[in-house]
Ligand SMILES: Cc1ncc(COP(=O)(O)O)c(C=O)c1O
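Below, in structure tokens: the form predicted on its own, a single chain.
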């Protein structure tokens, strides 16, 4: 090989870089150094033939049918192109993430005694107490899990068996549909309106299917932003109790309220009907994957057994950091800042739709969460529109994947949380309007 000096001159790098590169190649057996003679490509590397692509086709037969739906879920987690405006996404933008508070919390957590030791299997007692408080439960009723999606997967497998039906609101969170199918369950839609799920149809669905669980998001529902009406809370719980079934309450957006949110459904439950899921991720950063599962009665033991088999417990340093954050004075300040900014963004998106895209009509003005559910002109292909929007430099969520069965009408989920600034929302809507008018089905009349 050329000398180190020649390599330095050829590639215009420092001698240190050349030395490190040669050391790495030597460690990998690609080159050998012979003192007094120089550096040579090893005989093994020189003889090595190009690798042929392996034939993995046999695995398709061995694996059989897959869970399906994971491509759509992965798309939700994929960052948009650098030049695109994001009107889709489930996390706060960098400017709203509590990065300094988290750094301080992490530093304090690292100094805690036994910070790197195994935690109690159900989670840190203080963190369990924090998750239990909004529900009015005991800390012993809480299991700390590794994020909301993990909490949901654990709960589904704890309360249901493969092949059984799971009642879900229609539309509902895509991740719930995917998790249910991955667990071998059959999602069964229960229609909802502007006031949440319809209790009469829920009772009918329980009777018709024999389902033993109902998954719902009664507070700032994803994707619609709906809050379950006060007059429907008791009938929903009564329908589940009459069927001997669980209500799985996904309370993911409680910390994203624009005003005081209603109490969780679990707070009204004295019979152990509700399994309550709460996550910190949406209101903080994507990697703070800490959630609490609150459940009363024997189901709590079943939940703990499922998590033990899966992963033992979430990493203790992450639990310690979460505890430091939510018990610090920075936490309420952060929530107030997030609430004010999300309110401004929600209003900016609603105004932009009214001005630039009146054909897209919001079903409701959400009082919390991150998303606005908008109707489209009849006959619009929402999936095709989402593809066209991406080509026009804006990402949106097509409505169809949020339905476990056929959708009744075309919809879009527009997120007002993901753009770097609120000013980007208007430009995103303008691009979406151009995408809609580019569709072959568009009728200007």
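Residue numbers count along the first chain shown, from 1. Note that the structure is predicted; figures quoted are calculated from it, not measured.
Below, we refer to the form predicted in complex with this ligand, which is not included among the displayed structures.
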{"query": "Partner proximity in the model of the complex: residue 217 to this ligand, non-hydrogen atom cutoff 4.5 Å", "finding": "yes"}
{"query": "Residue 123 within 4.5 Å of this ligand in the model of the complex, heavy atoms", "finding": "no"}
{"query": "Partner contact for residue 106 in the model of the complex: this ligand, 4.5 angstroms, heavy atom", "finding": "no"}
{"query": "Contact of residue 147 with this ligand in the model of the complex (heavy atom, 4.5 Å)", "finding": "yes"}
{"query": "Partner-contacting position among 307, 321, 279, 273 - heavy atom within 4.5 Å of this ligand in the model of the complex", "finding": "279"}
{"query": "Proximity to this ligand in the model of the complex, single hit among 222, 88, 178, 294 (heavy atom within 4.5 Å)", "finding": "222"}
{"query": "4.5 Å heavy atom contact with this ligand in the model of the complex for all of 157, 206 and 246", "finding": "no"}
{"query": "Interface stretch in the model of the complex with this ligand - options 335-343, 249-257, 234-242, 162-170, non-hydrogen atom within 4.5 Å", "finding": "249-257"}
